[in-house]
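Take a look at this single chain in structure tokens; it is the form predicted on its own.
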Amino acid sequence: MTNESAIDMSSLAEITGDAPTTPFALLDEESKREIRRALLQAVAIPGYQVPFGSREMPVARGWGSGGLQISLAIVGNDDTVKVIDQGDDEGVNAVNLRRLIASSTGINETTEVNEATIVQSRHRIPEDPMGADQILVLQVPVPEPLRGVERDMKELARMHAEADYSKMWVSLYEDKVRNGVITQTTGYPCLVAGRYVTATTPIPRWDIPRLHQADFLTLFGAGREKRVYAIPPHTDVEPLTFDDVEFEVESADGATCKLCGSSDSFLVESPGTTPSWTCSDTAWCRRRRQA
């Protein structure tokens, strides 16, 4: 009789709204610990893809669920979060993820890099320099850099284990011979800490030099592929290129931002009949105009 009463009271508490509230940062503590353990392994072995139990999130996989899980696992009460989508703080993906993180934790949100402790991004690294007290979280759709040259999962594991990246070198050589230049942009393969070839996806080549010997920690999360990997601070990140072919970033000769006049930032072409360019990093562009 006592047990039945306890059950009835528990059900009544759930109906009246007195049931336990949503945990801090949505994920339960066991899930956060499991993700953090995977991240610690990723930091200890730079560039190595660590499998983890990707959780169901209130966003579709492929829309930043991997990066979101990392942010929710590492966030604390004193953190401030900034989320950008292709450099834009006001993109639909950026706004929804930022609201989700802030509403589930109560932490502050910002559009300024120097105010943020966690910067979650898709497709860009902010133009502003980041420091040792900040963490960059990148949303990754395809974490496997060798997917374009090999499909068999066992063979991919062997190639990474033996550092056998010959097929990648052949692919880059064929690209160079056919097109005169290496055409691969986002997801350009890089050698991390002299050991693992890593996909820097989805950032453009423009941002890759910022990862080399960076002061900040970079965490990569692929929710759909259930993989995380990391580039710790002060780690060598070397784009794969040939001795007689220099690594080149994207450029638009003579182009300047129509809003702030910048010619030394990553520019994207604006839609319209007349070709024009704007800064990809909207917060950086806005602050430059104000200054």
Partner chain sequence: MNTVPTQEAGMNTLPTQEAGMNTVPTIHVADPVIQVRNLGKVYGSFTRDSILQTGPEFGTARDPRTGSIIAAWNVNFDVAAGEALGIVGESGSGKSTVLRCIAGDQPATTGDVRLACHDNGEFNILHLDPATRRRLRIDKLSVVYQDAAEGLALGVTAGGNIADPLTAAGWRHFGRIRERAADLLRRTEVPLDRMDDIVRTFSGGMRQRVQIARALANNPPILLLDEPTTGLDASVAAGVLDLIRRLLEELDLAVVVVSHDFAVIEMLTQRCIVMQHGRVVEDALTDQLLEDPQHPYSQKLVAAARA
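All values reported here derive from a predicted model rather than from experimental measurement. Positions refer to the first chain, counted from 1.
Unshown form predicted together with its partner chain; subsequent notes refer to it.
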Sole residue of Lys167, Arg151, His212, Arg99 within 4.5 Å of its partner chain in the predicted complex, by heavy atom: Lys167
Contact assignment for its partner chain in the predicted complex, among Glu112, Glu174, Asp128, Glu90, heavy atom within 4.5 Å: Glu174
Candidate stretches 25 to 33, 242 to 250, 50 to 58, 220 to 228 - the one whose heavy atoms come within 4.5 Å of its partner chain in the predicted complex: 242 to 250
Exercise: Glu162 in contact with its partner chain in the predicted complex, heavy atom 4.5 Å: yes
4.5 Å heavy atom contact, Arg147 to its partner chain in the predicted complex: no
In the predicted complex, Arg158 touching its partner chain (heavy atom, 4.5 Å): yes
